[in-house]
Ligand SMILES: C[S@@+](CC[C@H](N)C(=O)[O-])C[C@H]1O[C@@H](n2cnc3c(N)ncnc32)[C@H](O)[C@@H]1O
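The chain below stands alone and is given as structure tokens, in the form predicted on its own.
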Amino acid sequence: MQSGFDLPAPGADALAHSARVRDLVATRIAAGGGFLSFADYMDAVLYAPGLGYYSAGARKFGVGGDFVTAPELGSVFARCLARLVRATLRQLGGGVILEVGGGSGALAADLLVALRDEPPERYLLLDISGDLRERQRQTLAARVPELLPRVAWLDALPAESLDGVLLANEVLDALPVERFRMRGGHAAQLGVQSAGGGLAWAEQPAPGPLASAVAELQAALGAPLPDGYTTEIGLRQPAWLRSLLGTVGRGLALCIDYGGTRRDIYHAGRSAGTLVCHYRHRQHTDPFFLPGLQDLTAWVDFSAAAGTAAAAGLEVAGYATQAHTLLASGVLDDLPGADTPLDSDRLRELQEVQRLLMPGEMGERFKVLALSRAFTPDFPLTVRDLRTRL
């Protein structure tokens, strides 16, 4: 469990759970001849049934979890998205909302509260975690019981296409990524091996798909990555995103996550990659610390995501920072005026808006990729469109 970071110690039950996850990983390493790709490792520690971080029952979101997402801060974020959703559904003449990765249910609840007078025909939630699905049910039953008949939980993406709005908030960053290091002009694949009763980095020549993807990346960048450069690439993102976007009939898809363009992510100054671990509201870079008890994420390459969407027949309707998107959707309209008493609720809301908008918080690090099919929004998506940078 040792790590080079000052991190809180878990309890005995959590340690025992992490040991089971580590045993699972060790078994897979042995089955792979002593090497497990980092993407397969990430998949195991995050999604293994009953064991992975998102599949087991530990609390993940909010003060008692490991990190805070925008919907967990309060209702401002959802109220802003509700304005975009309402405008979309009005223009379409109705439709559904499909939320992928619903977390605690806070976003769904706040959206439905804001849309109570004009609710969607259905609100669909896709989440692999039974624990989170139950939390979502409880949250929605407490907040919008009258709209609960419109809500349904899905075990898989719907077979038919849907007209309406697709929401993916902080989903793409948790897709397993490959990690590689440049060696003499070629990519070496970084993976995991068993060492000293624990886990450690391992390295081998990149297999064909990874080598080809890195070659294509360097061609797109117009220059080779320097020797020793270490980073990640999402080889699984295109297929997953194509499947997800295949559910969009007519309407809008909003992908919200921290990340940037290809040139942002593979900048010379970001030579150690973007891999980050979240544990008890601490960020660190040791993915082998307490497997199964911490979240692993990597920045989203929105250039790649936009390319996948375009190839799947969707239009890139907008790309902007979270701050510019929320400003376009009226985030400042609800703030108290100078003559309004500043009670604790209003102060908390001001603090929420600050975190959502400020460059050093979520405002610049988080981006919004808006995608559309057979739909051209007649309302603004952002106050500053950055599509030309993709």
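Values in this document were obtained by computation on a predicted structure and should not be read as measured data. Residue numbers run from 1 along the displayed sequence.
Absent from the display: the form predicted together with the ligand. The rest refers to it.
J.: Residue-level question: is Thr261 within 4.5 Å of the ligand in the predicted complex, judged on heavy atoms?
T.: Judged by the heavy-atom cut-off of 4.5 Å, Thr261 is well away from the ligand in the predicted complex.
J.: Considering only heavy atoms, tell me if Tyr54 and the ligand come within 4.5 Å of each other in the predicted complex.
T.: Yes, Tyr54 lies within 4.5 Å of the ligand in the predicted complex.
J.: Can you check whether Pro120 is within 4.5 Å of the ligand in the predicted complex, heavy atom basis?
T.: Pro120: no, not in contact with the ligand in the predicted complex.
J.: Taking the ligand as it sits in the predicted complex, is Gly101 in contact with it (heavy atom to heavy atom, 4.5 Å or less)?
T.: Within the cut-off, so yes.
J.: Give a yes or no on whether every one of Gln237, Cys255 and Val316 sits within 4.5 angstroms of the ligand in the predicted complex by heavy atom.
T.: The answer is no; none of Gln237, Cys255 and Val316 reaches the ligand.
J.: Among 305-313, 186-194, 101-109, 280-288, which stretch has residues whose heavy atoms lie within 4.5 Å of the ligand in the predicted complex?
T.: Going through the listed ranges, the match is 101-109.
J.: Find the only residue in Val214, Leu132, Ile265, Leu89 having a heavy atom within 4.5 Å of the ligand in the predicted complex.
T.: For this set of options, the contacting one is Leu132.
J.: Only one of Ala320, Val151, Val171, Val165 has a non-hydrogen atom within 4.5 angstroms of the ligand in the predicted complex; which is it?
T.: When the ligand is considered in the predicted complex, the option within 4.5 Å is Val171.
J.: Determine the residues of 34-51 with a heavy atom within 4.5 Å of the ligand in the predicted complex and present them in sequence order; the list may be empty.
T.: Heavy-atom contacts within 4.5 Å come from Tyr47 alone.
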